[in-house]
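In the block that follows, a single chain appears as structure tokens, in the form predicted alone.
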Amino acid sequence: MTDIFTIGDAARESGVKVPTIRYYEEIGLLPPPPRTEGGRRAYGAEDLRRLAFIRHARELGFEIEAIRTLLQLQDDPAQPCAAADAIARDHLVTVERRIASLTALRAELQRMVEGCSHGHVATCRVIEILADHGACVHHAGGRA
């Protein structure tokens, strides 16, 4: 006997919220499930696996179109995995750029906080740097 899940059950089992499940159906990431006689969606185990795949890919930061392609690849497992590798490599480059940007942001914020003399706002380094973007090391290309 095949397990049938309502949309609420599918949401609980997969960790994907009900409106998000409906959205994934709307954009074609999740095929529309059959309906019960009462008109309720009836999801199966394969739908739950697909939702888990999508959720995990989203948690890793993959864009919807990349997930769509990855799902198409998953649906045809005899294909070579070069396309999946390329998607993952492209995403890794994006993540590495974000990390570099966040690292620079962290350094700038540390510099602002460390420059604070805990005096008055008139001499506050945090306020000074925020008021003059040119004073940012990140913006000024390294000048302090």
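Numbering starts at 1 and runs along the sequence shown. Not measured: the values here are computed from a predicted model.
Keep in mind that the form predicted together with another copy of the chain is not shown, yet the notes after this line are about it.
- Of the residues E96, E65, E37, E26, just one reaches another copy of the chain in the model of the complex with a heavy atom at 4.5 Å or closer; this is E96.
- Proximity of V18 to another copy of the chain in the model of the complex falls outside the 4.5 Å heavy atom cutoff.
- Among heavy atoms of E108, some come within 4.5 Å of another copy of the chain in the model of the complex.
- In the model of the complex, another copy of the chain sits beyond 4.5 Å of every heavy atom of L30.
- Another copy of the chain in the model of the complex is approached by L70, whose closest heavy atom lies within 4.5 angstroms of it.
- Although another copy of the chain is not shown here, in the model of the complex the stretch 63-90 places heavy atoms of L70, L73, Q74, D76, P77, A78, Q79, P80, C81, A84, D85, A88, R89 within 4.5 Å of it, in sequence order.
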